[in-house]
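Okay, so here's just one chain, in structure tokens, the form predicted alone.
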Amino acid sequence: MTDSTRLRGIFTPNIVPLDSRGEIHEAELRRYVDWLIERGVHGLYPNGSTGEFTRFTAEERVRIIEIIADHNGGRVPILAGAAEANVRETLRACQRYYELGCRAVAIVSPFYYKLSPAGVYAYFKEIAKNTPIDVTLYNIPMFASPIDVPTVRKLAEECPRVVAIKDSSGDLPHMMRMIDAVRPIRPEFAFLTGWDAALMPMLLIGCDGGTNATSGVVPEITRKLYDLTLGGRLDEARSLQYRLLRLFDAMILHSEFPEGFRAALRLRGIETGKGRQPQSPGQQLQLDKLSTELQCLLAAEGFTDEPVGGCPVGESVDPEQIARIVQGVVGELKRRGMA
């Protein structure tokens, strides 16, 4: 891989629409692919956490990639989730996604069994030696064995097929340490953030893009935030990040993940159907209430009409949290002579 082929931009971890029987709604999934590409996403990321990969069978996961790859037709690169539960099945998925023309695969660090750094290294090393397709490491320590900085560096040094890392910890110093450790030895190695609340700060410290769940609902906003940040229009980008934060918090904090994202996407006209995870009556009532809140947030951005009865007048977003992060990032860049 060269710098010109580095993974860059916003790769959308898409919801999988389901029909009334809870099966993959192929026609709606194809329409959703068009909808995302038309709104400027740089790439597609099926079979990620937002795509509820653990709630589909191995055969269904392959079918999801087949549908998306066929309908995409090479318009944007596909980063295919290949997080199976063991090396053998993961390599089988890697082979199939390579045959389908995917740009790379994203592989979660071993889950359920928490492994030591040596175990995490051995797992990815074995996959990297035998895969025909480029690999993106996926660090999501809240659900899987963490990938520490020495392990990332060692894999980057030894494994040409390991070309990127997606980090969903939201840990800004951790991302900086990874970039500092790896970029001098692998300039083309890509760093993607999976934490929407810090997309702008992550881009400022050197990330190449993100795999952000909100891009599946408001791809226009995440694309614009990416363009503004890289274009140096930081005041505009900061304002947009505040608004994205409010929407992100509503979707991720007030319902079982990713039901808030599914509810918001329905408001944008995609027939997602019900998720496969059963909801209690109380959960469903909470989700109905959240849908009204989400409709107000989307209406404020011009994406939907306000709900019947209108929206309450909300307080302005407190910018202090992100402002502190941005100021810290800029200060660190200046300290290093990079700004």
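Keep in mind the model is a prediction, meaning the values are calculated, not measured. All residue numbers refer to positions in the sequence shown, first residue = 1.
The form predicted in complex with a further copy of the same chain exists for this protein as well; it is not shown, and the discussion that follows is about that form.
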| property | result |
| --- | --- |
| Contact test in the predicted bound form: residue 138 vs a further copy of the same chain, heavy atoms, 4.5 Å | yes |
| Residue 85: touches a further copy of the same chain in the predicted bound form, heavy atom cutoff 4.5 angstroms | yes |
| a further copy of the same chain contact at residue 114 in the predicted bound form, heavy atom, 4.5 Å | yes |
| Contact flag, residue 274 vs a further copy of the same chain in the predicted bound form, heavy atom cut 4.5 Å | no |
| Interface stretch in the predicted bound form with a further copy of the same chain - options 296-304, 26-34, 266-274, 54-62, non-hydrogen atom within 4.5 Å | 54-62 |
| Contacting member of 180, 99, 220, 188, with respect to a further copy of the same chain in the predicted bound form [4.5 Å, heavy atom] | 180 |
| Heavy atom within 4.5 Å of a further copy of the same chain in the predicted bound form - residue from 254, 71, 238, 224 | 238 |
| Contacts with a further copy of the same chain in the predicted bound form - residues in 114-138 whose heavy atoms fall within 4.5 Å | 114, 115, 116, 118, 119, 121, 122, 123, 126, 138 |
